[in-house]
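We begin with a single chain expressed as structure tokens, specifically the form predicted on its own.
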């Protein structure tokens, strides 16, 4: 993990203290962006209903809405504007987070490549919204945008001259702007669908607490600082000292400071860099392997895979209706969540060599059973067993001979039956450690494990297992103290 990603992870952990139970905004940036996009669509529908799509009536319809109908019209207009700014900021922050954490290669490559073009749609739609108001700010943005496009070799300075002259801005031109401002968000929505295709159960909506908080914050901003139109556009004059929305319109002053050609070079360079990031070579990791003799096509691994890497096909034994899991290597995250969901991955099987329906070659379930038996043999009786995750709290920091720790590829790799198996073989208690809630490196590992142990997801931990001897905690790197606290709690329970 790089120094930059470590710093980001520390910042997220600090926010966890203020936003518990998976409500950390930094962990939910993608879902927050989807919420803001939904707010933009819904508020935009109302604004379009009252909008006059003519040159002479555009400014008046919006200005009248704000002055004569402050609620809900003016408030919705302000909400729309603030949501647009927030949407741009959150989307860019989401991009930065995925880059810092290195989440753009291997199984995430396609998701990254389909997400980068959405930035263009976001900017085009956001900037175009200012034009429709057709006040001084809209005039400035329209002229600055036209000059920016005129710098492209194929246009040869024709856009500003042909479309933004005193006599050339017509109702037909405004209809084109409406089409752009409404059509581009539809393209954005369609692109978002592609962006999420390789993600199972994508988080497209934040938690209720986070959603309410975002709505309350934007609603309060819209009420306390309503957005008002500037003077109507006048192409016979040049706007001066225009208050600028720096979040969405920062390209305009940048083009004035440098030049349109340099701005296009910067835009092209950034896009090429973002698109080239997933092309870097990384060490290939072993992917999940299916054993035909032990796979019965139960679909559990299909349902639990976070990246839709597993499908079912006809079983090679040719039996009618029998199916087998098939792993798409380019989509496999090498997390092992599928192995933890397999009904054959139980240590209670009498087979000397435990072979399961689907398994991870670098950390097979059979080897985990052997390691657990060895740790609890003889002098290991009475130990507290800790199952953790390579991406969560560092179990190597637990310097205690009375603790047997096992760090897995992901906590989702752990079949629930291993908890019962450890207790039956002499463990005094079991601690299962997942990543911080909502912060799983593979999205769903800690969630599926918690549901399996609670008995709400297959494979379930049997009801007969004494829950007082089990702790499920969530701890990221730097939160090893939570593991120590859970271990001491179990020792106290055992002592009584």
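What you see is a predicted model, and the numbers here were worked out from it, not measured in a lab. Positions refer to the first chain, counted from 1.
Separately, the form predicted together with a small molecule exists; it is not shown, and the next lines address it.
A single residue from the set 151, 266, 119, 89 has any heavy atom within 4.5 angstroms of the small molecule in the model of the complex; that residue is 119. Only one of 354, 143, 214, 192 comes within 4.5 Å of the small molecule in the model of the complex through a heavy atom, and that residue is 192.
Contact annotation for residue 147: none of its heavy atoms lies within 4.5 Å of the small molecule in the model of the complex. Using a 4.5 angstroms threshold between heavy atoms, residue 115 counts as touching the small molecule in the model of the complex.
Interface residue remark: residue 78 is not counted as part of the site for the small molecule in the model of the complex, having no heavy atom within 4.5 Å.
Contact between residue 442 and the small molecule in the model of the complex is found at the 4.5 Å heavy atom cutoff.
Between 239-247, 256-264, 392-400, 201-209, the stretch whose residues reach within 4.5 angstroms of the small molecule in the model of the complex through a non-hydrogen atom is 201-209.
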